[in-house]
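The chain that follows stands alone, in the form predicted on its own, written as structure tokens.
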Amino acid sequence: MAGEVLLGWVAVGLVVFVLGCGWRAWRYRSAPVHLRWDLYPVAHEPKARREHGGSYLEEKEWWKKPRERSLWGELLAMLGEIVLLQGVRENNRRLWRASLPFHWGLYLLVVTSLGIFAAALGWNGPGARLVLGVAGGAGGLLLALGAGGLLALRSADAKLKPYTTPLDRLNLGVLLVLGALSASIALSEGGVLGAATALADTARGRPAPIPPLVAVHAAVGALFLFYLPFTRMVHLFAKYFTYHKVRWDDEPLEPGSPMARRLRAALEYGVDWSAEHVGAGRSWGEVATSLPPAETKGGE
């Protein structure tokens, strides 16, 4: 019975995770249009222009020419951010030293989770034991080290402390525990494959003894999945919108286009700033197309 309850809890965590991420993605997708400004270089520009931070707007009569776009440029930029965390490395090398193993640990544990599903479907040979053992052990160790390092930095660094909430510390603490448990399971007698086999047998109605480490890991992991979509860690997919829909969005504005309609709607939003030069009570469109209210002189 305990095994069935555990698997039910894991299933609830997975369902809430999927639905929660879908809801957050929909919120991002349906949010008001972002501030359109030029942030160059743009990754999908051809290499010749990308290297000096240029854009298609440099071309004479660019509106008469077909747009040149480099999918390879976008893929390279994405790989640099996902695999090497280039943005963190360039802006905060100290934070990058802890963040890189943290993310690599997460990637390896995702591979481990997929391997566990494959093992439940019958992949259980020596190759499965090796892959799951290495990915689970190395991933757990890297995750624990990275989470511990990030937790220490965010607690001690004066520049990071103001941006670190109790929930951030809770997330890192939970992931540190999950990393340590993953490494311990990989080093245990049955290994990750043994844990996968026990969970799979229980799911098939053939209850098998689930090692305590595996039970605790599954319960904590399901809890983490349960609340993850409602934290700032949703940047795992939110970065798509940050890059593709904000930083790299340089599509020209054309009359009647979806972007034109979204901008028109945004200009109808009301302004409630208290600053006198803005003029509260008007729309952004009115503010943008009129002069500020005249300043009175001499208290008049």
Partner chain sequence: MAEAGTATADALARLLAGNEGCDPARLVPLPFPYEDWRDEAIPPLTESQRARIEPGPDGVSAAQIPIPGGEEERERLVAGFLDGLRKLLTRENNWTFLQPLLLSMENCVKCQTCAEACPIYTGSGRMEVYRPTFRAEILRKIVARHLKPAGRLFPGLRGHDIELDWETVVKLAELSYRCTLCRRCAQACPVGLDNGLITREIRKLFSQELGIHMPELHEKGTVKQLEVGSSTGLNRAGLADIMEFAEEDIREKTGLDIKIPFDVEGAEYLVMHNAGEFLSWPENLQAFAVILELAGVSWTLSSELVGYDSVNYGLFYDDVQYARVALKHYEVAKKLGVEKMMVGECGHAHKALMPIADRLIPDSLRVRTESCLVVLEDIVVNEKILLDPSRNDFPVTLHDPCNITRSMGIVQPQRNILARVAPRFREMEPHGVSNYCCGGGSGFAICSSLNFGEWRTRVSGRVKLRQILEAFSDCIEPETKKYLCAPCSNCKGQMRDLLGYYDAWNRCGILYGGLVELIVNAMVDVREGFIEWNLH
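Residue numbers count along the first chain shown, from 1. Rigid core (definition): largest C-alpha set, two forms, superposition within 1.5 Å. Just so you know, these numbers come straight off a predicted model, no measurement behind them.
Below: the form predicted in complex with its partner chain, not depicted.
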query: Proximity of residue 167 to its partner chain in the model of the complex, heavy atoms at 4.5 Å; finding: yes
query: Residue 120: touches its partner chain in the model of the complex, heavy atom cutoff 4.5 angstroms; finding: no
query: Partner contact for residue 52 in the model of the complex: its partner chain, 4.5 angstroms, heavy atom; finding: yes
query: Non-hydrogen atom contact residue 27 with its partner chain in the model of the complex at 4.5 angstroms; finding: yes
query: Among 191-199, 152-160, 210-218, 110-118, the region lying within 4.5 Å of its partner chain in the model of the complex by heavy atom distance; finding: 152-160
query: Proximity to its partner chain in the model of the complex, single hit among 131, 88, 141, 225 (heavy atom within 4.5 Å); finding: 88
query: Within 4.5 Å of its partner chain in the model of the complex: residues from 43-62 (heavy atom criterion); finding: 52, 53, 54, 55, 57, 58, 59, 60, 61, 62
query: Core fit, then residue 51 C-alpha moves 2 Å or more between the shown form and the other one; finding: no
query: Flag for residue 9, CA shift 2 Å or larger between the shown form and the other one after aligning core; finding: no
